[in-house]
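In structure tokens, the next block holds one chain alone, the form predicted alone.
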Amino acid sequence: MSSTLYTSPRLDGFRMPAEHEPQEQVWMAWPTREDNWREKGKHAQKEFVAVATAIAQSTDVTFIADAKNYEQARLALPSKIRVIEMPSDDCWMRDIGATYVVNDQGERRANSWQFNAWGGELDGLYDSWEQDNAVAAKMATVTGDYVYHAPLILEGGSIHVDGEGTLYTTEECLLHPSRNPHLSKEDIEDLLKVYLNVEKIIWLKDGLYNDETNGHVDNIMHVVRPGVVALTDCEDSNDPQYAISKAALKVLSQAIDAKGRTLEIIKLPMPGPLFVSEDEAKNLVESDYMNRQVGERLAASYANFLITNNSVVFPTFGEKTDEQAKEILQKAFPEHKVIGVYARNILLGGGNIHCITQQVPEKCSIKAV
């Protein structure tokens, strides 16, 4: 019996649930890639463990690690966190993992997107991504779910949904010539509607400044709940992020979601700006694709958090804005435990807490009234 489906989620009555809906588990991958993580990932690994430990307060966590690094990961992680042997090229589980869809009868299935390392031959971040591209289908096998193979190059961090028919994304990423140059904006919208069963797509122009993913939406904004979004704000008119954030604010302020709502917008402060230090640029294997230069601007954002059951896990950077961000998030999520995890070394790799996690929703049936 094949695990591959040849229909579509929309045709079959499945939709992508929002992050605030119940989750069965969260998946992560062990960081070891030496051209991205200095000192063979030693610093980043500590922060991945801290993130996983925070998530595990509310949700089961599964890590993948290749055969060579399995024992290292197993020894480093708490015993209650599952570690399974599965190869990947790097560790951005949001982008390489399956995007799950559910229906109202308590069934769950998975989408496997096409992955090309954030740009393929045009501007990808590494030259071989076959292992990453195979993760989603393998993940679905472990979670016991049938798979749709979506004919679209797409990373999970480039989309947010509210679970009620609205999807948020950026033109910078989804319309980038390194993703699906043969498809028009309308073609891409159609595929998103078919594979995620959404009705309305709200397009921001750009993502965060100097984001090497070509502007993933999850690094500039987050869906708090239907009709409410959190957006990275910038008050320094001399900062290149200023115009990007103000343009995003304008789009969101004028948007109407799939249910006809205007949006409540919660502004998150921008940390920093933060830059790569001399020490942080050392001890990396040289790469033609990822160059960590001293003084390079980091795409730091508090919007790159994870909602998981009763918790919100967000990145901190040792900045004065950390506490302000926590207060704003706690007010936005009054029923949740808001947990800050120091994540500068994750940031140095090109993303943050949302980027390194991928949730598997619970199979929830809707009771007839």
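Note that residue numbering begins at 1 and tracks the sequence as displayed. Computed from a predicted model, the values in this text were never measured in an experiment.
The protein also exists as the form predicted in complex with a small molecule; that form is not presented, and the subsequent description refers to it.
Using a 4.5 angstroms limit between non-hydrogen atoms, M16 is distant from the small molecule in the model of the complex. Although the partner is absent here, E296 is not a contact residue: none of its heavy atoms lies within 4.5 angstroms of the small molecule in the model of the complex. Using a 4.5 Å cutoff between non-hydrogen atoms, R179 does not count as a contact of the small molecule in the model of the complex.
In the model of the complex, the small molecule lies farther than 4.5 Å from every heavy atom of L77. Site annotation in the model of the complex: the residue of Y168, Y100, W118, W113 reaching within 4.5 Å of the small molecule with a heavy atom is W118. Proximity to the small molecule in the model of the complex, defined as a heavy atom within 4.5 Å, holds among M290, L191, I202, L231 only for M290.
For the small molecule in the model of the complex, the listed stretch (91-99, 267-275, 136-144, 104-112) containing residues with heavy atoms inside 4.5 Å is 91-99.
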